[in-house]
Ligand SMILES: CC(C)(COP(=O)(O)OP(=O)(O)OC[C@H]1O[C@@H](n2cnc3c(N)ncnc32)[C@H](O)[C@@H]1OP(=O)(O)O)[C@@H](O)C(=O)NCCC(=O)NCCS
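A single chain, nothing else alongside it, follows as structure tokens in the form predicted on its own.
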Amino acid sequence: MRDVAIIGVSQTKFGELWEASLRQLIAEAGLSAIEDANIQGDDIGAMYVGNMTAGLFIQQEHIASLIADHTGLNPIPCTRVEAACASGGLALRQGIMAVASGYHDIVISAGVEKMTDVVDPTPAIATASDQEWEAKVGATFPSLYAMMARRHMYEYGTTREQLAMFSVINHENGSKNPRAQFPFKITVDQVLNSSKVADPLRLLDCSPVTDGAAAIVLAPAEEAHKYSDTPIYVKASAQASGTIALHDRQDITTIDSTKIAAKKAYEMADLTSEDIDTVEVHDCFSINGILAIEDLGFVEKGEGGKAIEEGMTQNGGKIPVNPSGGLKSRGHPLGATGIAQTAEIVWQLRGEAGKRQVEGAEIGMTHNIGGTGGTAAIHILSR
């Protein structure tokens, strides 16, 4: 197996992009990544695109063919990858494996979602939960994560204010990100007084409905300097599955797929959580940010809320979390999120993150999950 490097990255602006179509968004991201990588379309051997549910959002399936056609990349093989909100992370993993195996040399891994073309995206998003035992009896993702939050508060004394602080830190970082959907600061009081969604979660605990796309260009590590002066190396790519429904879990305050994938990634990279300089976690709701830093091994189980309160995850803290603003502030276009996380880590490791730069960042991690943890994808990158 060959070592793999990232030689190009891009991300569109995230937000409610009424004037842009799915095909326009993915074309913008793909062409920008190709330009960043200093390659030509003829160099590309394959493309993997993360997308959760274009059929429900824009009534279009067979989007792999549409994307290859619209970006002028026919006849290269293009494959859509679906794993709910982890679709982007798995598209990246498929691209890494294609290059590592030698099957292809230059590969694009991308992600795209156009979520605002429907009046109510909730039913489409709910398809990532267990339909028979959760969605069809009324459970939504806010309510499922609310149960996880309430149990964590009961078991470990996590406070409503600590949950709010996670969102506040995300918006502090996102205020420095020109690509973010919500590039502005908020306060704890604003979170606590925002509209109640599913107790104890409020509106400002929840990631938004987002349009956007992102793309990554991968190459064999030994050839990376032919294209880039600052290639970023893939040290680990790991994936794990977990139960799709909450009621099948022994502990709903732990996402086992995250723990297992993280363990595999640390072993693959021959690193520990202490070696990670910055991490992008899947904070679709504030509680999941707290669960993530626990399950990734940055703090002990139950200590996540306290770590947030003490400033451990702020830029300049022990482990800066979500310098991009995370899903909460940067935005969460489902299929693109895992790729956007990776783009942010690449910019951080290149030293190109501007005002949100994590000083001295040399090793970064991404954490992308589907649903409430039925799928987890973990990547570790280094300079």
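Just count from 1 along the sequence shown to find any residue number. Just so it is clear, the structure is predicted and the values come from calculations on it, not from any experiment.
Unshown form predicted in complex with the ligand; subsequent notes refer to it.
Participant: Just one of L246, M153, M147, L203 has a heavy atom within 4.5 Å of the ligand in the predicted bound form. Which one?
Facilitator: The option sitting close enough to the partner is L203.
Participant: Considering C85, L218, L163, V281, which brings a non-hydrogen atom within 4.5 Å of the ligand in the predicted bound form?
Facilitator: If I apply the 4.5 Å criterion carefully, the residue I get is C85.
Participant: For the three residues F141, F285 and H332, verify that every one has a non-hydrogen atom within 4.5 Å of the ligand in the predicted bound form; reply yes or no.
Facilitator: Yes, the whole candidate spot contacts the ligand.
Participant: Thinking of the ligand in the predicted bound form, which stretch from 265 to 273, 204 to 212, 295 to 303, 94 to 102 has heavy atoms inside 4.5 Å of it?
Facilitator: It is 204 to 212 that comes within 4.5 Å of the partner.
Participant: Would I125 show up as a contact with the ligand in the predicted bound form if we use heavy atoms at 4.5 Å?
Facilitator: I125: yes, in contact with the ligand in the predicted bound form.
Participant: Is it the case that V118, even though its partner is missing from this view, gets within 4.5 Å of the ligand in the predicted bound form, heavy atoms only?
Facilitator: No, V118 sits far enough from the ligand in the predicted bound form that none of its heavy atoms falls within 4.5 Å.
Participant: Heavy atoms within 4.5 Å of the ligand in the predicted bound form: does G371 have any?
Facilitator: Yes, G371 sits close enough to the ligand in the predicted bound form that at least one of its heavy atoms falls within 4.5 Å.
Participant: Look up in the predicted bound form whether V197 has a non-hydrogen atom within 4.5 angstroms of the ligand, and give yes or no.
Facilitator: Looking in the predicted bound form, residue contacts with the ligand include V197, since a heavy atom lies within 4.5 Å.
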